[in-house]
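Coming up is one lone chain in structure tokens, specifically the form predicted on its own.
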């Protein structure tokens, strides 16, 4: 029974984090293209208004996912937060800078003030996308866990995967670049859905170009993953039905390119979201039952079985059902309330 509950919680935590990447991912993407797609102050305020009502709420899914990880798999939470301490501090500062950029941009009307916060918003968004992509690369590649289930990882070592890898090596950087490209396209599709005029046209072009980049880099990343961590194929070999998950991602990417070409903006954005879920789901299928792979000795890996909370998982499902119902209700309400294109009539130059 405990084993089944651990599996359920693995699925729950994975879905929570996937939803976070989909929702906050388009915030990152709009930030990445912010300085290029939006070229006037009106257009930049249009971008900020497009994400303004939802970006803060989107981060709730990250907090909830982290809280559920702490509840269900405390050993993984403890090992990850201590081993990736430096990276997490970097993420914290980047999240703060991104939030401050949005909130403080219009507080002072000065030639240096707005450009500074605009650049901060764009740079923080780009770096966050790269860092989260590299974090996924670390999970897939593995970390130097010891027999006690703890590790410390330097920012970099030899830039090659091995028994003592750093946070950054050629593989995790590749995954970071892939993450940035995927979220750039995701954000561009969101802007195309929410804006009009010249800003809309630029967003469409960016989404079209990045869609093909996403396809090319995804192929490279899949081949690199098979080279760096061949153990991820075991679940697929044992249960070929799992191939349906990344196949969903492939079909979603093809659909995104098709819908983008036909300027079906909502469908393109939903396809982009499905692509992200499909690729993350494919990674989770390969990892299961591992949560943190040990690069030194596979027997030291933290799994859903040896890292789960002893007892309480069944009770937690009841409270999770209550909490997730509230979060989903709030999320649906906010998105329905601010559905449609951003109204540009009130965004006059200089105001």
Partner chain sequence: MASALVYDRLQFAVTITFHYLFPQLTMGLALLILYLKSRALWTGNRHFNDAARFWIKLFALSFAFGVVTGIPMEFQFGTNWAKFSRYAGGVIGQTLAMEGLFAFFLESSFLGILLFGEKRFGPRVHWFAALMLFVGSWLSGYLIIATNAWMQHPVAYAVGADGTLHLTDFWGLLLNPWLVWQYAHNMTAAVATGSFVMAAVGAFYLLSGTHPAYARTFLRTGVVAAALASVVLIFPTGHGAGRMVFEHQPSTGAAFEGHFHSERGAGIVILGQPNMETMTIDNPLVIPWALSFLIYERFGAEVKGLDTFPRDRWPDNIPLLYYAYHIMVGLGTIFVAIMLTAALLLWLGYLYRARWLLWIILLSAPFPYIATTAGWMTAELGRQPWLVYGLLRTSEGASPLVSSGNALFTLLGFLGLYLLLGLLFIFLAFDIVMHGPAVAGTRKAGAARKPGY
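Predicted model only: the values in this text are computed from it and were never measured. Residue numbers count along the first chain shown, from 1.
Same protein, other form: the form predicted in complex with its partner chain, not shown, and the subject of what follows.
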- Query: Where does its partner chain sit in the predicted bound form: which of 236 to 244, 93 to 101, 185 to 193, 121 to 129, heavy atoms within 4.5 Å?
  - Reply: 93 to 101
- Note on the structure: None of 213, 231, 251, 88 but one has a heavy atom within 4.5 Å of its partner chain in the predicted bound form; the exception is 88
- Query: Can any non-hydrogen atom of residue 298 be found within 4.5 angstroms of its partner chain in the predicted bound form?
  - Reply: no
- Message: Given that its partner chain is not shown alongside this chain, does residue 200 nevertheless sit within 4.5 Å of it in the predicted bound form, heavy atom to heavy atom?
- Response: no
- Task: Report yes if any heavy atom of residue 162 sits within 4.5 Å of a heavy atom of its partner chain in the predicted bound form; otherwise report no.
- Result: no
- Query: Is there a heavy atom of residue 60 lying 4.5 Å or less from a heavy atom of its partner chain in the predicted bound form?
  - Reply: yes
- Contact at 158, 255 and 258 by its partner chain in the predicted bound form, all three, heavy atom at most 4.5 Å: no
- Query: Within 325 to 342, which residues have a heavy atom closer than or equal to 4.5 Å from its partner chain in the predicted bound form?
  - Reply: 326, 327, 330, 333, 334, 337, 338, 339
